[in-house]
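Just one chain is shown here, as structure tokens, and it is the form predicted on its own.
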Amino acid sequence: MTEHFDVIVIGAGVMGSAAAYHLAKDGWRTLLIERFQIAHTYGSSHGESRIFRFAYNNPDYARLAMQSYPHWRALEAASGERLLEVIGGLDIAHEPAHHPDVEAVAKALAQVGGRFELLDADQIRARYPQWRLGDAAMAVFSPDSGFLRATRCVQVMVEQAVKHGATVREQEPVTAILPGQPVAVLTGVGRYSADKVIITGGAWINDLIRHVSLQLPVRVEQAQVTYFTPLRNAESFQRERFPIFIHWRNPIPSYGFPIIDRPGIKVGFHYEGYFVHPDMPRTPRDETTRQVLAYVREHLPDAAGAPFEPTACLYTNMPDEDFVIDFAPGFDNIVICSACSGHGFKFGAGIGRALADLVEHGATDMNIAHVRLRRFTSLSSS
């Protein structure tokens, strides 16, 4: 027998879990299908923390982050659990070559009405003596930045979806999607149908959207974060005194977090360029750990103790580093969402609202016009 639903969401990462939560809360009979287990560690939606920020060099993403914020707070209110901690954040450039990057963040925040301060090198040193930066350094401080508890966010959204009547199927890779009215979805376990389908496949997106004759020009990259035990002054790296940061630098930007649940700060490189197949094992690279340690020794020397718990995850990158959220071309009942290019988690609760809106109403007030498929003149077809 084929079990029928109003909507099927394929993929239970942050975007799929958020969509299922909103849909179920809105009264839609929802099925959420996950190829692994809920909150697994094979994709892009797990871990202790993910950066939350309005501070973007693109005002469209700044607006989307602002729209997403109340949806995270509503989820917290519904669950009774704290998921988003606002502690402030720094966008830093320590050399003139990257001043335009930081200035673009300030300009975008000003454009959307965000709060910020511009800091010169002396002001950075006075406020955050943990940093070792040159005299040409400058930074934007955004008081609205912070972090989300990533794994728990996914788990809570699934729990809330189930509370509102959603059905969850774990360990069921989708083997076929048969477009039509309704859409049929086949797994190795069963056959399901729905009036609407949302595909949030992450690194496996092209395996899924080939069933709607679409392929995206994605490249899957392994990213890595590493924790560092402070050598001294550990109290100065607590969240009350050490905000999250993005460091615009050559050859690649870095980012990091204060001490949260583990006894060390967390630091990683953004877009390192180590491309993988999503089915490969997630093996942290010793070379990356050494490079990040060298970075911490140079710029945060008091924190440059023993590295521990190097952890790998995946970026699913588009060439323009933007997302993809839209109806599959030629189908008004199949929505795709993927390729969050390593900076999507913070928008999860808001993008889930956008996906639910597209299914329910065909349009959304969420600021996603810049990530629709029409920005491409052509796409490769399967």
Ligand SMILES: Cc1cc2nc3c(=O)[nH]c(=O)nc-3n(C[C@H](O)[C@H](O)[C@H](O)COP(=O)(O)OP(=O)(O)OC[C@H]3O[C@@H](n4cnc5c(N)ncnc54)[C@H](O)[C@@H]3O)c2cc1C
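A residue's number is simply how far along the shown sequence it sits, counting from 1. Model, not experiment: these values are computed from the prediction.
Below, we refer to the form predicted together with the named molecule, which is not included among the displayed structures.
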Triple contact flag A12, S44 and G342 to the named molecule in the model of the complex, non-hydrogen atom at 4.5 angstroms: yes
Listed range touching the named molecule, judged in the model of the complex by heavy atoms within 4.5 Å, from 328-336, 60-68, 22-30, 46-54: 46-54
is_contact(E34, the named molecule) in the model of the complex, heavy atom dist at most 4.5 Å: yes
is_contact(P173, the named molecule) in the model of the complex, heavy atom dist at most 4.5 Å: yes
Any non-hydrogen atom of G201 within 4.5 angstroms of the named molecule in the model of the complex: yes
Exercise: V324 in contact with the named molecule in the model of the complex, heavy atom 4.5 Å: no
Position in contact with the named molecule when the complex is considered in the model of the complex, options L84, V225, V296, L216, heavy atoms within 4.5 Å: V225
V156, L133, A166, L208 - the one with a heavy atom within 4.5 Å of the named molecule in the model of the complex: L208
Heavy atom contacts to the named molecule in the model of the complex at 4.5 Å, residues of 251-278 in sequence order: Y255, F257
